[in-house]
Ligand SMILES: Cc1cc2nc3c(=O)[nH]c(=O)nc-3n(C[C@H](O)[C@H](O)[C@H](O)COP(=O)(O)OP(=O)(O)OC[C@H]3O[C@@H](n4cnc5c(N)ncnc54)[C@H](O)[C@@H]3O)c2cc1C
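This document starts with one chain, in the form predicted alone, laid out as structure tokens.
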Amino acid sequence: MVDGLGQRTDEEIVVVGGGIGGLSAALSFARDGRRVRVLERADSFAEVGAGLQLAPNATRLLDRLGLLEAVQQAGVTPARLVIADARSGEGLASADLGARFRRTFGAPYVVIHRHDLLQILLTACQQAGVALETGREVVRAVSQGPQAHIECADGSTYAAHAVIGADGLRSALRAELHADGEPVASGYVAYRGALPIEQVERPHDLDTVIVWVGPGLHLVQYPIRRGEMYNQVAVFRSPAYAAGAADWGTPEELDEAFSAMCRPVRTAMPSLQRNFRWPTYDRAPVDRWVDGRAALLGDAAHPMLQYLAQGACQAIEDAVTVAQQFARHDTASAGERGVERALAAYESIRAPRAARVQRAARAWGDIWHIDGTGAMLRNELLRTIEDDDFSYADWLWGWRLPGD
């Protein structure tokens, strides 16, 4: 069947993975009138973790999907971003996220609980008629002629017009495209915690996203859930990892790493959850995301370190782009080559962009965590940035869909 725009509507697209990237892709396809099925490995749709930052490159696309109002209502639109020295407590640079920022980038900066964003996407997918299945661990996807065939660990199989692998850091679909082994451990580990806002000491305004940077460590703090909760993430380089120990990134190392930092940073440590640690990983960029009728998306394609707060943002960019390219190329007149053209266009647009963000995230982590003379020079440079100068971030936050 073909709709009035010449787009295919009768053949199902299968999205593997029901996280933020997978559901964003499913919704984007469904908004274009496509039949979509999501296969999620877990027994429910859920996001692990707490806070999430959504820069304008993502919130513009959420607005395009009709979700921005709901996202803003569930989250917080902060007044400013601040970078401060974790050792001295000095504020180094800030960005005013008010009216001029929104005019510059065409969308706001929003912080939100991961679960809240996922629920907004899940509800929108249900309303759009997306088929949602849990308990489906996809182990293989192969292209055979005009279809992609998908196999699950429980023996269930699916035939699809195309398959989008949004199955995360250890993607089964990526393993079929790349023999790049295990993800790359950074040697850093994160601890997270969220407090009711009334329990938070107030070293700064609570409408602020603040990053405290220091030697081999940083702390990020901001409000979530309409300002009712306060999200905190402490990240540090593990000496035990550097020494080759099997058990690394322990709570004892956490306390030792932050013990010499300023009082506002030390104050955050007791509120962090100690029963779960988050070693941080990424992979080197790759330029091949497509194999026949299968393509990668989000962390399956480009897992990145957290220093630019772009993991979810880049997955949302992928999601809306791949649907856009199907709408442009996978038409009745294109025949069986429509999928091939759509996925080739998607890869050519997204792979260079995501690779640049991956590399920049690694570099930015080095800048945050430098010590000695390097830290002095970093601080001097940051002090020169005006709070309404966004030129340094235009390449990142100003990205737009081709044709927009």
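Don't overthink the numbering: it's just position in the shown sequence, from 1. Note that the coordinates shown come from a computational prediction; the quantities given were computed from them, not determined experimentally.
The following text describes the form predicted in complex with the named molecule, which does not appear among the structures shown.
- Looking at 66 to 74, 342 to 350, 48 to 56, 370 to 378, the stretch with residues near the named molecule in the model of the complex, meaning non-hydrogen atoms within 4.5 angstroms, turns out to be 48 to 56.
- In the model of the complex, the named molecule sits within 4.5 Å of a heavy atom of residue 20.
- Contact annotation for residue 16: at least one heavy atom lies within 4.5 Å of the named molecule in the model of the complex.
- At the 4.5 Å threshold, heavy atoms of residue 311 reach the named molecule in the model of the complex.
- The closest heavy atom approach of residue 321 to the named molecule in the model of the complex falls outside 4.5 Å.
- Residue in contact with the named molecule in the model of the complex (any heavy atom within 4.5 Å), chosen from 233, 120, 210, 130: 233.
- Residue in contact with the named molecule in the model of the complex (any heavy atom within 4.5 Å), chosen from 192, 102, 178, 87: 192.
- In the model of the complex, 114 is the single residue of 104 to 124 with at least one heavy atom within 4.5 Å of the named molecule.
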